[in-house]
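Quick setup: one chain, the form predicted alone, written in structure tokens, and binding and motion questions come after.
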């Protein structure tokens, strides 16, 4: 375990993250990069961007509360130190996505009202299931919920959004690139560290499997709300096609061109990708994946 955890030391984090892929950035992107003018000028695109960004803030606030809450529940010093770096990563994510809301024109004094107005209730419930485990200082269930389920979902969502934004909004795509690198490290820790603890505490498996099934359901319900209730869908699609860079290259993710998919197809692709990853990663740590109900 000691050799494995050396890969997650504070020194390694300093060299790879703030001195590595984040060097020279401001709020995760190039200092001179800005949101596309059309997004800022068009009420429909701006509102749609605010709604999507609020979900990222809600998810990252949950991750911040979970990682900080798990520090004192960790059974060894090396895990505590890794979780301290993860706590700073999650705080950074909250900050950069909150900054994007400001960049999109949300006033500082209206930030909390905007988040309350747009936060998806299914995502809030998803967070509550995890934070119940963290509040009980349940380290094993907390790390599975945080570093496998929450971070696994975030990893795929960020990757998909980054692919969609690469040509039309390089500022936001670059912001997402750093978070993807962070999430990859977090998922790796969860997968590598928790397997041995599951083997030591097999009695915890049923509870963790129920948690994964419940969190997965609320995640799918969040996706369903997002993709099925998109008002003015055709108008948004038309406006996006007017963004600079649109169509200059296929928005490829998981072998599909995102710009050519209908919302239902995008929902299915995202859900299937995340659930497949859950199944693979949970199998590696000795947890049997539980198929959630489909909303």
Partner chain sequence: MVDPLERKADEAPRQRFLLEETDFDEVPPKYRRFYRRRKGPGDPLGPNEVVCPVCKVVIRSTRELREGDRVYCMPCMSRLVVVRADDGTLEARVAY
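Residue numbers count along the first chain shown, from 1. Source: prediction; values computed, not measured.
What comes next is about the form predicted in complex with its partner chain, which does not appear here.
Judged against its partner chain in the predicted bound form with a 4.5 angstroms heavy atom cut-off, the residues 125, 227 and 261 are out of contact without exception. The partner is absent here; in the predicted bound form, the one residue of 172, 82, 139, 97 having a heavy atom within 4.5 Å of its partner chain is 82. Its partner chain in the predicted bound form comes within 4.5 Å of a heavy atom belonging to residue 191. None of the heavy atoms of residue 104 is located within 4.5 Å of its partner chain in the predicted bound form. For the chain shown alone, residue 18 is not a contact residue for its partner chain in the predicted bound form, no non-hydrogen atom being within 4.5 angstroms. Using a 4.5 Å cutoff between non-hydrogen atoms, residue 155 counts as a contact of its partner chain in the predicted bound form. Picking from 176-184, 210-218, 104-112, 71-79 the stretch near its partner chain in the predicted bound form, with a 4.5 Å limit on heavy atoms, gives 176-184. Shown here without its partner chain, the chain has 277, 281, 284, 285 in 270-290 lying with a heavy atom within 4.5 Å of that partner in the predicted bound form.
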